[in-house]
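Single chain ahead, by itself, as structure tokens, in the form predicted on its own.
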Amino acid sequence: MAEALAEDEIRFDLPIDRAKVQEFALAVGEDNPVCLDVDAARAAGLPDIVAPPTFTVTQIFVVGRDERERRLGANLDYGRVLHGEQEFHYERLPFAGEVLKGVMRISKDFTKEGKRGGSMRFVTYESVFTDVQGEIVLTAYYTLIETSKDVG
């Protein structure tokens, strides 16, 4: 469950469940055995299977759009929103069995005027994930673009 500690951030837990990692890996076409088979992961010197690089997008099931909007207040009109980009900066991949601590905030919010009229607003959500020792595992960035009503 997500917890708001300050108006500008949301804290939440993201369990790295083995069955969910395997299911996600299969869904995205990840066929690396270290993401699917515990024995293969351990043979590679890992404590358990590792989550595929984009696994932390599953944070949307913990902190959904309505909650994110209410707590962080971007006030986007989702009828005019496009997915801009997504970035992941890893220190290491998450392992099945751990629970990452996430802190989500808006790291960028700016508007650019278009050359043919209208504008685009760019809102980047940043989620920093740490392990039980407090070490950063990864930082994920999710950018949404809200177009103005003038853009065709």
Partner chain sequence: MGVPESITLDSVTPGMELGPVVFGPFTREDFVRYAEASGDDNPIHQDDEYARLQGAPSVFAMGMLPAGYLAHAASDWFGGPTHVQRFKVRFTTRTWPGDEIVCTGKVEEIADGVIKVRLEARRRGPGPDGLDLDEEQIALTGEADIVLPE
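The structure displayed is predicted, hence computed values, not measured ones. Numbering follows the first chain given and starts at 1.
What comes next is about the form predicted in complex with the partner chain, which is not displayed.
Heavy atoms of L93 reach within 4.5 Å of the partner chain in the predicted bound form, making it an interface residue. None of the heavy atoms of F12 is located within 4.5 Å of the partner chain in the predicted bound form.
Although the partner is absent here, G29 is a contact residue: one of its heavy atoms lies within 4.5 angstroms of the partner chain in the predicted bound form. Not displayed here, the partner chain is approached by K20 to within 4.5 Å at the level of heavy atoms in the predicted bound form. Taking the partner from elsewhere, no residue among A74, Y125 and D131 has a non-hydrogen atom within 4.5 angstroms of the partner chain in the predicted bound form.
Checking G64, P47, G118, P33 against the partner chain in the predicted bound form, a heavy atom within 4.5 Å turns up for just one residue: P33. V57 is the sole member of V57, V103, V38, V99 with a non-hydrogen atom within 4.5 Å of the partner chain in the predicted bound form.
For the partner-free chain shown, H83, G84, E85, Q86, E87, F88, H89, Y90 of 68-92 come within 4.5 angstroms of the partner chain in the predicted bound form, judged by any non-hydrogen atom.
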